[in-house]
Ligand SMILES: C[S@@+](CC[C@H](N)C(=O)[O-])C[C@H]1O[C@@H](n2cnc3c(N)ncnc32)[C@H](O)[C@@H]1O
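One chain is shown next in structure tokens, namely the form predicted on its own.
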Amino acid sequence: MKRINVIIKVTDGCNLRCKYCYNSESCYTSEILPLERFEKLLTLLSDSFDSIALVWHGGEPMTCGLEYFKKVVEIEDRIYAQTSVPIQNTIQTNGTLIDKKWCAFFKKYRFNVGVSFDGINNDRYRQRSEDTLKAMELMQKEKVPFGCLTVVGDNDYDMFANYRYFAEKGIHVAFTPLFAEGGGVDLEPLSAEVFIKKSNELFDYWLYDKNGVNVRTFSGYISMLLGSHSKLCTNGSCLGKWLGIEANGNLYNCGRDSMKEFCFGNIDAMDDISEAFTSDGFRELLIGSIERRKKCKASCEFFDFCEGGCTDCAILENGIDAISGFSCICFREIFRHIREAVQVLIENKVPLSELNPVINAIAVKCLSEKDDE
């Protein structure tokens, strides 16, 4: 099945001003992606792909309002009726605007919900913690599935304490290191050695924690080790499989500002989505990525797992064709640690019943994938 993932930067407008926001350079402009432009995007995508996954991003996408998103799903339903191409929706939000009406909408239309919230560190870099906490409690009450993305913003970040915070609330979490982009450039840089040490220590605890809360990096890496086809966003070749669109219709590979030097063109001027993947911007991005991946393949034992990593991360860290940046170092050492731990489990035939229940779910998923091959 030919699938495309699209990050929709529906607006740069936002009701918060997070200190590390990579969108800060856009000055939080309030322009919203016109619905006519969105419909053209979906129309062109459905002509070329068998499955479409949309990630609604910003800014804060919910500032566009519930009525806007009701019109979005009307357009999606219409295009699905014409083409039979399934469309999946995910929304990444700070959660401050979620109420019962939004919860009902997410449930009815099966939106995946990601909440950007930094746990016990939230007030340090963000605001309105109580509003987000109330929203998460409401989603749990209304049985709206969601997970949290939390930024590891400094060397003092207590990853274990934050994990316990989310685990006690029964919330799945992803720990993401601070990106030195936008507002993050002015903050104290996060040490790779510190992030690796804290991640590995937490993994050793998480592996045997019966709470059953998922930590996305850990479960993702274990899935990769067990042969799953799925990869995390930062580990794998995404070119040609992802697109990002801004409110003005410009297309990029993803939603981060560093991609703006590699514009794929504007959706308004296109008659076929293939034009984006034959553009000068895509070609330049592809050539730089290929050069980096050649170096990675020749020098790293983990290339088959990460495939050279995230192009956006490389651009931010050392340059598009450079290797051994922050993200590469962190992946290599955390993945190595997890691989060694999994090998010990297998050698000692440790029962799944003694491990975090998430491990059992991963094993079942990976076996199912192999059965489908």
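Note that residue numbering begins at 1 and tracks the sequence as displayed. This structure is a prediction, so every number in the text was calculated from the model and none was measured.
Beyond the structure shown, there is the form predicted together with the ligand, which is absent from this document and is the topic of what follows.
- Shown without its partner, this chain lists 121, 214, 199, 92 as candidates; in the model of the complex, only 92 has a non-hydrogen atom within 4.5 angstroms of the ligand.
- Out of the listed residues 179, 166, 195, 262, 179 is the one that sits within 4.5 Å of the ligand in the model of the complex by at least one heavy atom.
- From the list 148 to 156, 101 to 109, 68 to 76, 281 to 289, the contact stretch for the ligand in the model of the complex under a 4.5 Å heavy atom rule is 148 to 156.
- Though the partner is left out of this view, residue 362 does not reach within 4.5 Å of the ligand in the model of the complex, counting heavy atoms only.
- Although the partner is absent here, residue 162 lies well away from the ligand in the model of the complex, with no heavy atom inside 4.5 Å.
- Interface residue remark: residue 358 is not counted as part of the site for the ligand in the model of the complex, having no heavy atom within 4.5 Å.
- Of the heavy atoms in residue 219, none are within 4.5 Å of the ligand in the model of the complex.
- Along 40 to 73, residues 57, 58, 59, 60, 61 each place a heavy atom within 4.5 Å of the ligand in the model of the complex.
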